[in-house]
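The chain below stands alone, shown as structure tokens; this is the form predicted on its own.
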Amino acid sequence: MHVAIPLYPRFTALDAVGPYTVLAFAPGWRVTFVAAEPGPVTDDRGSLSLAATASYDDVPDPDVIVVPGGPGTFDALADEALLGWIRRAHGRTSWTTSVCSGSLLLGAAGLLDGLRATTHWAALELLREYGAEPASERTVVQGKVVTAAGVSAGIDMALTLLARATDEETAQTVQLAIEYDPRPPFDAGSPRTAPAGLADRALRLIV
């Protein structure tokens, strides 16, 4: 299985690296970072770059695509090179997936009309603009389209994908290999459970 993860300026690193780590550990799977042109692409903090080793044209028909999100998503919504690649690749993928606001790019490419989908809690209602039904869930599977909520949910999405594309034992083996056993010190990972007033402070960190 060949996985392609498109990179664009100001993507969120964990959106890409979380699923990359899960899927790159899977036996028989390989992952390629792609961009408009090969080379480094800088994340939303401006201090980390990942190298795209191939262009969109170099990888026209991956088995899986994983579209990350981030503050740069909103500029990328006008990037027809990226949207066109997503649209064309989706026609031949086994699985088309996104993390965080990457689902808005799936929507802008015309792939979410009539589907349930999720994204970061701050952008959830924006999915309606693309004909999707927002779902406040960690991972949403709709046929071959799989969307994940914000950032860290990409790891859950990738494990869900791996279980469906192979089997649960393979996914569990990878989960154990990367020791994905999250036990956060605070119950503040969702607006539903975070202390009052924290959502506004959190939003100031990501816009």
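Predicted, not measured: the structure shown is a model, and the values here were computed from it. Start at 1 and count along the sequence shown; that's the residue number.
As for the form predicted in complex with a further copy of the same chain, it is not shown, yet the points below apply to it.
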Practice prompt. Could you check which residue among Val146, Ile65, Ala35, Ala149 gets a heavy atom within 4.5 Å of a further copy of the same chain in the predicted bound form?
Written response: Ala149
Worksheet item: Is every one of Tyr20, Leu159 and Pro184 in contact with a further copy of the same chain in the predicted bound form, taking contact as a heavy atom within 4.5 Å?
Response: yes
Worksheet item: Do Thr97 and a further copy of the same chain come within 4.5 Å of each other in the predicted bound form, heavy atoms counted?
Response: no
Discussion item. Would you classify Thr73 as touching a further copy of the same chain in the predicted bound form, given a 4.5 Å non-hydrogen atom cut-off?
Written reply: no
Fill in: Non-hydrogen atom contact Ile206 with a further copy of the same chain in the predicted bound form at 4.5 angstroms
yes
Item to complete: May I ask you to state whether Val174 is within 4.5 Å of a further copy of the same chain in the predicted bound form, using heavy atom distances?
Response: yes
Worksheet entry | Residues within 4.5 Å of a further copy of the same chain in the predicted bound form, restricted to 13-51 and counted by heavy atom | Ala13, Leu14, Val17, Gly18, Tyr20, Thr21, Ala24, Phe25, Pro27, Val31, Phe33, Asp43, Asp44, Arg45, Ser47, Leu48, Ser49, Leu50, Ala51
